[in-house]
Structures are given as C-alpha cells and as structure tokens.
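Next up: just one chain, as structure tokens, the form predicted alone.
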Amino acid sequence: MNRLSIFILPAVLIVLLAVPLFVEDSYIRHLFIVAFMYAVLASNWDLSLGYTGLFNFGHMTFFGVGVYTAAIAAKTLGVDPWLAIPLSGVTAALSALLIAAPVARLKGIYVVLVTFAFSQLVLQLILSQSQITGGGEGMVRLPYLRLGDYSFIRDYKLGYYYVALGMLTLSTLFLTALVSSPFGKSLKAVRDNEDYARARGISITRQRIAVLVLSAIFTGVAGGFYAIYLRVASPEALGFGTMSLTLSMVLIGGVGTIWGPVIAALILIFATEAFAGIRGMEEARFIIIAVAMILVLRLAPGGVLALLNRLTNSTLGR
C-alpha cells in the first residue's frame, strides 16, 4: 500500500487512540465501536472475496455463530465474558470448516447458493431452538465486561472503545501479515488463474478451506464482542441488512485491499447515522448507500482506498 500505509494509516491509528480524550459523548463513542466491529467484519470478508475470489455469502453466518456462542456461554453456562469472546472465534472457525468441505470444490453461482443456504440453515436452527437461543426474541441482559471492580459500562463506554479498537488492530495486523506472506500470494494466484496455480503445485481445495477458516476467526470474535457489548443476541445478526451493509463496505472501500473496507466502515457508519438525523432521510439513507456503491464501482473500481492512494501519491509527488 506504499505511501498510504507508511504515512496516513499509522496517523489514523494515533488519532483513533486519542479520540476518547476529546470526545466524551457516549453516543459518538458508540458509533466508533460499531464502526470498528463492522470494519472487522468487512475486512475479513475481503480476505475470501477479494483475495481468493470466493463469493462466500455465508460470511455473516460466522458472525452470527460468534454472537450466539458468546451469549450462550456467558449467560447460560456462566463463562466469563472475557473468555466467551475468543471462544466465539473458535466456534466460528469450526463452522467455517463445516461449510468449507462442500464449497471447496464448487465454482461460481454454486458457491453463492451453497453458502447462502448454509446461512439460512443456521438461522432456522437458531429460531427453532428457542429453549437455548431465545428463538425470534433472542437473548437479552447478557453479562458485561469487568476488570475487578471496574465495569466497562461506566465512563461513557471508554473501556469498550479501546477493546473494540484493539480487536480491529489485531485483526488488521493479522490480515495484513497473512496477505503479505507466501500463503497470501498463493491466494491471489488461485483468484487470478486457477490452472496456473494448480500447475505451480497449489492445492485449490486446501487454499479455499484455509481462507474460509481464517476469515472466520476474527469475524466470530467480532460477533462475540457484539453480543457482550450490546448485551443482546438476536437473529438480526444474520439478517440481510447486516450482510448488505457489510458487503457495501467491502465494495466501496476496495476489493482486495484489507484497509479499504476498514476506512469504508468508518465512513458509512457515521454517514448513515448522519442521514438518520435528517428528517425524511431515515429510510432514504440506504438508497444513498446503494447509489454510492454503484458510483464507486463505476467511476473508481478500486474503491475509496485507490482514490486515497492516488491523492497521496500526487500530493507527495511520486
């Protein structure tokens, strides 16, 4: 990512670390926390969609599995929320391994159909097992994070802000290291030319299974954090609205970039809330996002990150 990663992105991290020092409004902090969660979802989806070319429409299933894992573990089984959150990453990875088996050898529309069917299967399982999951009403009043006597719901969500930012930072570093490794280069080979990749000794099936499992880890962790932070687990986590918003972040940010979806998540979460505050724009905001996505795909296929790269290179005189 050249100069953008060297100069701007570290500066953005420093700014985000300093935000709570200047912003004490709990609602603004809440928006940042939600944006960080969506950034994790979108950037991990980009690993399978952008770097492998795998149209996995079951990605939000991993998020939903994480949500309900944390909820059941923390409330029903009495597991400490600090342990329930990483446990969500484990169960999400296992669910990804389950769906990877039939998907690994499929292509095109068949991948979309199977992954979407899997997400609907999990949703119906959640709704039918109401004695465990709460059914359509979900689970509420989940335990919250604590450190000793300190409760994270105090101090205008300061603790949750830094936990969410830490989760995003770890996820992004993990993804960046992954795509820069020989494994990441092999994923691009699979995406660009499967015959060439196979001729170079790369197992297409193994790479697809690996990328689905790896992309599910932090997605599940984000789901666990979502449940503990909001203290609720509901089927909406697997809903079309969550999926479409996350996908729009991937496309607007830039497919195959990792950082693009992170930037788009911050922009879109605050933009949608800004439109929600304008009378008569409550529903129109989603239409605006759809139009923005179409315009970006038409005018700047590389996404917002490509535009920022272009601007940075011209400003610094590359």
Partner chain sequence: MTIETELEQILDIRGVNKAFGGLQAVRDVSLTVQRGEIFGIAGPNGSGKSTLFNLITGIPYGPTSGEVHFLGNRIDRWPAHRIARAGLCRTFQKDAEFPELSARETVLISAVYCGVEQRQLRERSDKLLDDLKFAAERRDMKTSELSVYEKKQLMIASALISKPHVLMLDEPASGLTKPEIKALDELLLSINRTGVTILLIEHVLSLLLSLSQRLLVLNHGAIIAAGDPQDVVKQDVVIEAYLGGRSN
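Residue numbers count along the first chain shown, from 1. Since we're looking at a predicted model, the values are computed, not measured.
From this point on, the text means the form predicted together with the partner chain, which you will not see here.
Figure note: of the listed segments 242-250, 154-162, 115-123, 188-196, the one touching the partner chain in the predicted complex, with heavy atoms no more than 4.5 Å away, is 188-196. When contacts are judged by a 4.5 Å heavy atom cut-off, L127 does not count as touching the partner chain in the predicted complex. Though the partner is left out of this view, L106 does not reach within 4.5 Å of the partner chain in the predicted complex, counting heavy atoms only. By the criterion of a heavy atom within 4.5 Å, S203 is counted among the residues contacting the partner chain in the predicted complex. Contact annotation: P182 falls within 4.5 Å of the partner chain in the predicted complex, judged by heavy atom distances. Exactly one listed residue, out of Q207, S171, T91, T133, brings a non-hydrogen atom to within 4.5 Å of the partner chain in the predicted complex: Q207.
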